[in-house]
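Here we start with a single chain on its own, the form predicted alone, put down as structure tokens.
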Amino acid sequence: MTATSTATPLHALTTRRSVKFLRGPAPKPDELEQILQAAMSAPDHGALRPWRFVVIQGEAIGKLADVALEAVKRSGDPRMTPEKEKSVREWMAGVPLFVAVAQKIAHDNTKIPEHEQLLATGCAVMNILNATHMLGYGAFWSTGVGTYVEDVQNALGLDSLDYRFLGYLAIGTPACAVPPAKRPDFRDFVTEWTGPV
């Protein structure tokens, strides 16, 4: 696959948008390596490298759906109706690649605040999303599919005592045309500070 909407790096950044409905193909192995390596360039106070990623593809996606949806139902979440379960299973079956995202909790760290470690992990995820877009694929950061159910986190090998689970990146080829997103004007979010008020 070749980049189609990324004429310049800055254009790539301003045209990226979340794409929930995906299909194959997923990034090729060498492309996935580039995408994950981009995460390593995230700003990271203290070089703690708090981000952790678990790649889920092929038959493992169906296993994840089984584990996660059963765990959500056991948790008593009333939103997991039979209709919702069917919809989630159909969505997951169409996505060729998931990357679970977690922040490793640095128990022995006394210097770097945990919120800075969480921000570093978020920056690593943003690099993944941008790299995915730059290679011509689509991605969606989901906090559904049992993200806040401890049994799901543990099933992924991310013990809740040592990791903060932050959801999944669904990655693949957009299943339909993706119109440009309407973005707000940055001026609505920026002020200039010239001295104490």
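Every value quoted in this text rests on a predicted model; they were computed, and no experiment measured them. For every residue, the number given is its place in the sequence shown, counted from 1.
What follows is about the form predicted in complex with a small molecule, which we do not show.
- In the model of the complex, at least one heavy atom of residue 18 sits within 4.5 Å of the small molecule.
- The closest heavy atom approach of residue 37 to the small molecule in the model of the complex falls outside 4.5 Å.
- The shortest heavy atom separation between residue 142 and the small molecule in the model of the complex is within 4.5 Å.
- Taking the partner from the other structure, the small molecule in the model of the complex has no heavy atom within 4.5 Å of any heavy atom of residue 187.
- Proximity to the small molecule in the model of the complex, taken as heavy atoms within 4.5 Å, picks out 134-142 from the listed stretches 66-74, 134-142, 29-37, 49-57.
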